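A lone chain, given as structure tokens: the form predicted alone.
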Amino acid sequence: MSYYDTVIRNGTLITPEGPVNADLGIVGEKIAAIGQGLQGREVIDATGKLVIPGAIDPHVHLEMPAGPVRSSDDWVTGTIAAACGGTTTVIDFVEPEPAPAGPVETLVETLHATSLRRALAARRAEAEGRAVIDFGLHMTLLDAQPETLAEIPAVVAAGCPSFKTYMTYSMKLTDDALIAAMDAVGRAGGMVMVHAENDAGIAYLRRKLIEAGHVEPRYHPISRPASMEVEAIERALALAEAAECPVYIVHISTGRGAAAVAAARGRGQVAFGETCPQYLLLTDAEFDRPGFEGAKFVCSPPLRKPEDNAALWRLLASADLQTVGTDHCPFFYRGEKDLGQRDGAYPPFTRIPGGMPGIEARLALLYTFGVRAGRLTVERWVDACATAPARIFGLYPRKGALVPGADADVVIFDPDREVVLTHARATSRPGASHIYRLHENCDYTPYEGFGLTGWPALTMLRGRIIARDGKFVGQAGGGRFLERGDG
């Protein structure tokens, strides 16, 4: 009889083939067996609990510079929060300096400093020895200069086959630059990720609002309406189809935008769509909070209408929308989100750093409001939060599924544990036994007071327990960089 290092017994395993009542055997860092009556040196009882693969968050921003501020979670605090919430892998971003335009002779002196490969190495070094879970990186393309595009095959070979592009903000690519980037990435065997919003329309609407004195946070969503996202998604899909490049549309906030991706997939295009918990659970009513509180919810694209929530849930349930990332990009409300506010006067909403925290609660939010609410099957929940990101971003079958040979990234999820989310310190108010203080390094959470049923009881990374009952118990800097394939 074989003995395993660890056996997880009596739980319901959520596998790619569906729920299985079986034991899970782990040897070293790998899942070695799924079966009945497995014997182990250490046995973990998972009676009444779900056993699922560690979640993968394909979209986070740790230590991201944003003008005069920087996202408040670093590689340590952000990955500890992720681990406590059942996430064992995150994929962040490299943001190199753009190459200057001009004749070749003016570029030679600057290419070394702006190299994509150097930027990738620097960002990887920033995380190594600090991240407590495994991590990958997406490369950001800020220009389509020939010298930049020439580096793409080497970046893919270095384990970074996904490239983020923007159709808005100061780092936007014009259509001709975007399709050139898509062509180069596609030929190198990579995939382009797109933040899709129509920059010209947004600039026009923003200018009109500010000139009329409409500068409070409530005007943020009015400056970036649904039509600006939908048009940009359709344009990005058309450009990607012409370039024959796989495309992944990030943080889709509208039902119409998600439907456009689904239609492209129906035509045979290699296209994927991601949404986030905030677009499933929150609406633009949050911007009408008293005073400046609406600034807490400023992100781009903005929160939408209840009908968008409903449409996104439907498309997520049918797998016409493939993944749920967090776009975790936290800024402190005091000192960052309220940047420029003086003596009660409102600064233009454009000065509010865009982004919200969310890395820790994603898995449980999707369970409570997806599975328990009857919107998602338990298999679809695991797929959206783990398996699909692993497949799309070149991590499967090493990550994202409970299969022999995979890394033993395992979450034991208690479907009956009740928690109430807060950013505050421990409290003695009624019901305090259910209070769960999030580990995110931020002075608020957009999910303050949300009552959840279902929370991770234990998180394992490559066979080692790193979080138990909401406490991090893992190894400092125990995360590894993941060189990814092309999916």
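As the structure is a computational prediction, the values presented were derived from the model and not from experiment. In this text, residue numbers run from 1 along the sequence as written.
The form predicted in complex with a small molecule is left out here; the points below concern that form.
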Legend entry - Interface membership of residue 166, the small molecule in the predicted complex, 4.5 Å heavy atom rule: yes
Inset, instruction - Determine whether any heavy atom of residue 151 comes within 4.5 Å of a heavy atom of the small molecule in the predicted complex, and answer yes or no. - result: no
Legend entry - the small molecule contact in the predicted complex: residue 246, any heavy atom under 4.5 Å: no
Inset, instruction - Report yes if any heavy atom of residue 269 sits within 4.5 Å of a heavy atom of the small molecule in the predicted complex; otherwise report no. - result: no
Inset, instruction - Report the residue, out of 92, 327, 308, 134, that has at least one non-hydrogen atom within 4.5 angstroms of the small molecule in the predicted complex. - result: 327
Legend entry - Option touching the small molecule, based on a heavy atom within 4.5 Å in the predicted complex, out of 283, 115, 300, 145: 300
Legend entry - Residue stretch of 155-163, 399-407, 350-358, 366-374 approaching the small molecule in the predicted complex, non-hydrogen atom distance within 4.5 Å: 350-358
